[in-house]
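Single chain ahead, by itself, as structure tokens, in the form predicted on its own.
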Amino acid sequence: MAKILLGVSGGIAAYKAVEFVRLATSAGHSVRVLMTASARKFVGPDTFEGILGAPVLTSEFEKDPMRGTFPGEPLPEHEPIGHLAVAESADVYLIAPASANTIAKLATGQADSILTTAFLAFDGPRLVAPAMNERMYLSETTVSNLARLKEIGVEVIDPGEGRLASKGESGVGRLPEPAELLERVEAALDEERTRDLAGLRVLVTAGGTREGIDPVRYIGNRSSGRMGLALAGRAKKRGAEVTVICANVNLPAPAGVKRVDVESTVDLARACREQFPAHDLLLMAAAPADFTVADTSSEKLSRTGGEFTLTLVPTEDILASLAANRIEGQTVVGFAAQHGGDAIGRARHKLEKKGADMIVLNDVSDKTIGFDSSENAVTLITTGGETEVPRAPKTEIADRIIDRAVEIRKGS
């Protein structure tokens, strides 16, 4: 569980901070509270202390009886500087409610309270939840200050809309409910803890290629690109620099991911050759055609004349080519869509023939998963054996694939 530092500034919504502390501690988290002088006009420190069993800090000049630790931790032998020690110990810092005055101070780097001083000293996920009258929230100054906080990496939790403290007034400016605040804090912690791919460059291919017959018709497959996009999204979330090559994918790429669109197997091969040298890990989730049309017609073919013969020729084996020409430090993961029979045997043969580090086997004989589905079930095949990954959302499957790829890169 996490160590949550909660900053409470002045505002009627301070009462919700008490409920947040109750929910957070009930969920197993450890909490310390910092309060501004204005916040004490709305809720007293004793209220928080009664729930936490830990002192609330209200001034950067007071000694912290817990010496910067969180409930359950042993006290250090020395007497640290309280506001610095508690900021160093915490995993995440939430300011809720954040008044317009406090937001202005945070945005401009002022440090005139324990809340703002700890904010400057804290090195981790910082979240700010504004709560105030709508006119104050929508003012040019507050809008500018919130934009500045976002620029420096602070997560701003947008206020809700509804009844406000002023009698008869409603609008935007309500502090979100404590349960939502806790969800946002836990999400920020999850993202921070899983950035294990920071510094890694990942290339993902997604979708299925189309081989033209004439200007209208083509030969293709049923791959939607969902698995590839899930891989790209999870790699990005885990801190990697990600490029996704999309073959006829009609879905948006994850935020922050570079996208390259292609159509045919020739296009896919060319894009892979261009992109792969600059990447550390290749996740070849796209389904390139094994055959292409020998003679593509420049005009739409007519049914007049009855039957005609379509001659197909093999396409380039992109995965084998990339694996054969990789440089030291590059890891190659291929995918195999099989349909019944000895699927694992065929996938293992593919692993050896193509020179990949891992093959992700997807048995498409189950029509409820795989193609154009939000779920999948795969088998991860390496020279060391097979690992079954049971049916789950594709985002979870993506994480398991990436986990195993990282292990391979580490030599385990």
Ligand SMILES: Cc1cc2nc3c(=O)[nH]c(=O)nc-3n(C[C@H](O)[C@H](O)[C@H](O)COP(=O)(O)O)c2cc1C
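This structure is a prediction, so every number in the text was calculated from the model and none was measured. In this text, residue numbers run from 1 along the sequence as written.
There is also a form predicted in complex with the ligand; it is not shown, and the following applies to it.
- Interface residue among T117, N145, S224, S99 relative to the ligand in the predicted complex, by the heavy atom within 4.5 Å criterion: S99.
- Picking from 196-204, 291-299, 126-134, 271-279 the stretch near the ligand in the predicted complex, with a 4.5 Å limit on heavy atoms, gives 126-134.
- In the predicted complex, the ligand lies farther than 4.5 Å from every heavy atom of N376.
- Taking the partner from elsewhere, S38 is found to have a heavy atom lying within 4.5 Å of the ligand in the predicted complex.
- Contact check for I12: a heavy atom falls within 4.5 Å of the ligand in the predicted complex.
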